[in-house]
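So this first bit is one chain, no partners, the form predicted alone, shown in structure tokens.
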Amino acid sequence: MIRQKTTNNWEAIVREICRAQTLRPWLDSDSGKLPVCLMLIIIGGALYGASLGIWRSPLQAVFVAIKFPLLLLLTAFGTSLINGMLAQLLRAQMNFYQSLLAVLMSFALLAILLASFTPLIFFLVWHLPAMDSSGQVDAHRIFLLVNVAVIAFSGTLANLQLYHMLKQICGTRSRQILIAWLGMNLFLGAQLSWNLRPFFGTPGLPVTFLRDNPFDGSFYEAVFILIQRSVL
């Protein structure tokens, strides 16, 4: 009976995360929502991470299955204090814990959506040229673009869900709070993705958990250099 009640509670929380209705009281009480969000991020992120690395090698799939949910969790917890402060400055009726729970909800929905795309990514990997074939460069480009599109689509839906929640709680200030939170999440998430690379794996480079000297340089420095080379 206890196990069945726990399972039903998890199912109810997942349904609340996946739909925009009844979000107003979602943050009023914990009721086990935090551990459910954490588990969804870990499981969904691991499944999608494995699909990202499997084309490079099975070992790369294991590495990315560990790193991708770690990236989501580090981003959520790393920005939680600042996001809570921004919510207070914008006069949102949310405390720090509720701000963290709201962000974790959006990341949990993102993980659910990405996990749902995992069979599609595995299907794509099955039909792509092998890593050691002559078409590896074009295959790598296609694989990269498809996954960027999937992540962008899933991220958009997750943030729309977060916006619906904030709109019910914060009213007219919901858009300002969402933009401020997104700015912080993107700022830290982009840098962490640089430190935790590789995710897709690169033809010609060995399979590693992290690049050599992962803390050398930054994501923004790499983008600046890329733009500079493109212009000049």
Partner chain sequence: MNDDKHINESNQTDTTQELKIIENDHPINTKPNLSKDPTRTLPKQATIMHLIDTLLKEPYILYNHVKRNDLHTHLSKLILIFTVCVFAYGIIVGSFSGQIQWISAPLKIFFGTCLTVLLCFPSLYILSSLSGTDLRPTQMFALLCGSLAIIGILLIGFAPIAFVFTFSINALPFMGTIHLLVWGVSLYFGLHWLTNGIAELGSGNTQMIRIWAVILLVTLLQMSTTLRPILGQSDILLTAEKKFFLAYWFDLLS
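Residue numbers count along the first chain shown, from 1. Model, not experiment: these values are computed from the prediction.
The same protein has a further form, the form predicted in complex with the partner chain, not shown here; the description that follows concerns it.
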Counting heavy atoms only and using a 4.5 Å cut-off, do 46, 175 and 200 all touch the partner chain in the predicted bound form? no
Pick from 82 to 90, 96 to 104, 68 to 76, 113 to 121: which stretch has non-hydrogen atoms within 4.5 Å of the partner chain in the predicted bound form? 113 to 121
Would residue 18 show up as a contact with the partner chain in the predicted bound form if we use heavy atoms at 4.5 Å? yes
The partner chain contact at residue 11 in the predicted bound form, heavy atom, 4.5 Å: yes
Can you work out whether residue 157 and the partner chain are in contact in the predicted bound form, taking contact to mean some heavy atom pair no more than 4.5 Å apart? yes
Looking at the partner-bound form in the predicted bound form, is residue 136 within 4.5 Å of the partner chain by any heavy atom? no
Residues from 147 to 183 in contact with the partner chain (non-hydrogen atom within 4.5 Å) in the predicted bound form: 153, 157, 161
